[in-house]
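In the structure tokens that follow, the same protein chain appears in two forms, which are kept apart as structure 1 and structure 2.
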Structure 1
């Protein structure tokens, strides 16, 4: 995890537990940089992340104010549109237990659509992964994921049953540059009915995603499927004058 994300997590916890009360001012960036032993730029990135989340508001010359963030207590707050850290990371502070069930894990040649999304040749093998994610044993999300085999060596069942992203970060040392997401409402397919207990007319939230490495190569194309009543996304748009 980047240092600025680690610092943002600590500051987020202090806001949550009242160490930094609503309407108080966040310590100045120079003091935070000294506390955490990092540069002011690192602290600045951490504070910018909190601002995106709606936890603080910064204005040049006036410092950084702690906002009334009660609306972020909603379930949707865990899933920000600019996050691509994986479900395990998104739910790391959730008291419920996240587990995985492997529905399908195979190596195959990609379809034309998958090859285009991953920017690979039709003859380049990919992992096809379908996982059911459960919270306290209840179906939560159904993930259809494709990854180029050459970028993710050693992927196996043990990794799929825990966190793929943790494996990419800490075992393979990969660094992400960003992601593209496309969010739509869909009708349930046979997988949704079988594994998410969707009824024929239940709408499904689909998050289609491509994640890119720092060198520009896509490492993941995925479609996450959720029942309409289990997950949502939040976006705060702040205009800085």
Structure 2
């Protein structure tokens, strides 16, 4: 672990235990550098990490202030729109039980839209997966997923019933570079009515997503459709200029 992450961790601890109280000023970077026996640039990188998390705010000429971050660091910290790694990951510390039910699992040629999203030819087959995710047995989200077959060998029911991301990450050693998401509200379609128990007037919160690998290739296009009354997404946006 790099020094700046280690230092960030120490500072994080001092903020949460009140050593550095809310609304007070962090010691100046030069002093912190002396304390930890590192250069000031290393301290600055550590402080930048805390700023990204919304714990502190640095202003040129006037030091670094400890912010009251209690509001966004509570239960809501799950379901962060940035750093999303799939439902399984989001809910790994949740007491509730997440299960999956396979609605459809097939192979087909991509539509024009999906081929464009996945940056593949129309002749390149894709997996089509529809999974219902249940929380304590109650319908939670319906996921329509498309993945290029050549990138994901060996996909089967057993994988779909646990976590696709785990399979990609641990079994295939694939690494994600990032993703693009688009959030909309939608009217329920027949799938939503059948599997999410949506009534005609129940909205659906949809997250459309393309996930990219480190080599730049898209590995997944998916639409996650959520019951409006069980889920929202949150986001912390920090200015840095």
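The structure displayed is predicted, hence computed values, not measured ones. Residue numbers count along the first chain shown, from 1. In this text, rigid core is short for the largest set of C-alphas that superpose within 1.5 Å between two forms.
Structure 2, not structure 1, represents the form predicted in complex with the DNA.
For residue 9, the Cα coordinates differ by 2 angstroms or more between structures 1 and 2 after the core has been superposed. With a cut-off of 2 Å and the rigid core superposed, residue 212 has a Cα displacement that falls short of the cut-off between structures 1 and 2. A C-alpha shift of 7.6 Å is found for residue 59 between structures 1 and 2, based on superposition of the rigid core. Once the core is aligned between structures 1 and 2, the alpha carbon position of residue 26 differs by 10.5 Å; this is the C-alpha shift at that site.
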